[in-house]
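Just one chain is shown here, as structure tokens, and it is the form predicted on its own.
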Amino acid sequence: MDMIGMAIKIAILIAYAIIGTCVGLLFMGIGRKIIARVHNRVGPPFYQNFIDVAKLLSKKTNISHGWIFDLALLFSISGILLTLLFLPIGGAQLLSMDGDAFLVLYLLAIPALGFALGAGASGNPNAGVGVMRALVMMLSYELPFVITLIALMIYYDTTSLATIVKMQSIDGIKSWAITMPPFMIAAFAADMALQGMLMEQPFDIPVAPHEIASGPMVEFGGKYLGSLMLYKAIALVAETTLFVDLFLGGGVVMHSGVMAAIINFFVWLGLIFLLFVLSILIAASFPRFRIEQAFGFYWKYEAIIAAISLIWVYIMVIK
């Protein structure tokens, strides 16, 4: 029985990775198409990313920066995959524990550390500059995001993502956090933090192709670049899912049965797609910030908005 249970968990783990990767690559392809249309271009087909990944992973390379460079990318992909396992998807969650809301924040920092290792091993100065910018960006957007997360934990009296989702699914859509005034402004702050997490304009400062030749990714090519695209796809799904879990009830609209699970899955899929489209439209409409502008935006304006929501929630709770 233990062997069967282990096999089932491994199968679910593989399914999570495949679904996350395929959904992410599909969204990335649709995003390229949307940006092209906004810029009055035709753009590549929506399935182009699948072709690109298959082509890149099939390439051979004779250039190596050592085992640390190889380990760095594996480190980043493992971190984002582990994050995805702790996130409720349409009410379903593979791994769960008390305090996993904090754990997810730590896990989301692992990819940046992985890229820092890779940049150091590559020896490219553009990669080093890109990593420094990425770490500053992470420090910037995490402040308002953590404040909004604390507000949610105070209101629902838990540090478990599964419990936060469950509390929001008691009365369907009406009980989603985003329907309450204090969390409406908190959701705005979290969505802007999400824009930084996704590294979309105006917060794509760490990659900045025209300035530092894509920064941390400058030395990645062939199989490395293909693996990096897979990481990006999974990260897109994980980060938008985190927002849906915190403010949109995890996409849960029904509670029991196979049909409910199917409906919840497609609701979750629709919600993360809408979030991604919003992010893409913002990226297509605004120019890139400088690093000091992004830092000031998050710590001055977004942090204040998040703090207002936290104070508002605290007043509601003590009453």
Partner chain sequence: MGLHNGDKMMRYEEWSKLARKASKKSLWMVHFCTGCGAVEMPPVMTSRYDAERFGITSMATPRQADVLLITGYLTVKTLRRVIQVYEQMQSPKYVIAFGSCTINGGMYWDSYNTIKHLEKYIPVDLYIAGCMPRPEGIINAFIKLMKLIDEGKARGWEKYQKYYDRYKENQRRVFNFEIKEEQKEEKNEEH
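Numbering follows the first chain given and starts at 1. Please read all numbers here as calculations on a predicted model, not as lab measurements.
What comes next is about the form predicted together with the partner chain, which is not displayed.
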Quiz prompt | Of Leu152, Met229, Leu84, Ala119, the one that lies within 4.5 Å of the partner chain in the predicted bound form (heavy atoms) | solution = Met229
Self-check item: Ser214, Thr158, Ser169, Gln93 - the one with a heavy atom within 4.5 Å of the partner chain in the predicted bound form
Solution: Ser214
Quiz item: Within a 4.5 Å heavy atom cut-off, is Asn40 in contact with the partner chain in the predicted bound form?
Solution: yes
Quiz item: in the predicted bound form, does Glu219 have a heavy atom within 4.5 Å of the partner chain?
Solution: yes
Practice problem: Determine whether any heavy atom of Asp52 comes within 4.5 Å of a heavy atom of the partner chain in the predicted bound form, and answer yes or no. | Solution: yes
Exercise. May I ask you to check whether His255 falls inside a 4.5 Å heavy atom distance of the partner chain in the predicted bound form?
Key: no
Self-check item: Location of the partner chain contact in the predicted bound form, chosen stretch of 111 to 119, 221 to 229, 234 to 242, 174 to 182 [non-hydrogen atom, 4.5 Å]
Solution: 221 to 229
Practice problem: For the three residues Lys9, Ile80 and Gly99, verify that every one has a non-hydrogen atom within 4.5 Å of the partner chain in the predicted bound form; reply yes or no. | Solution: no
Exercise. Select from 232 to 260 the residues with a non-hydrogen atom within 4.5 Å of the partner chain in the predicted bound form and write them out in sequence order.
Key: none
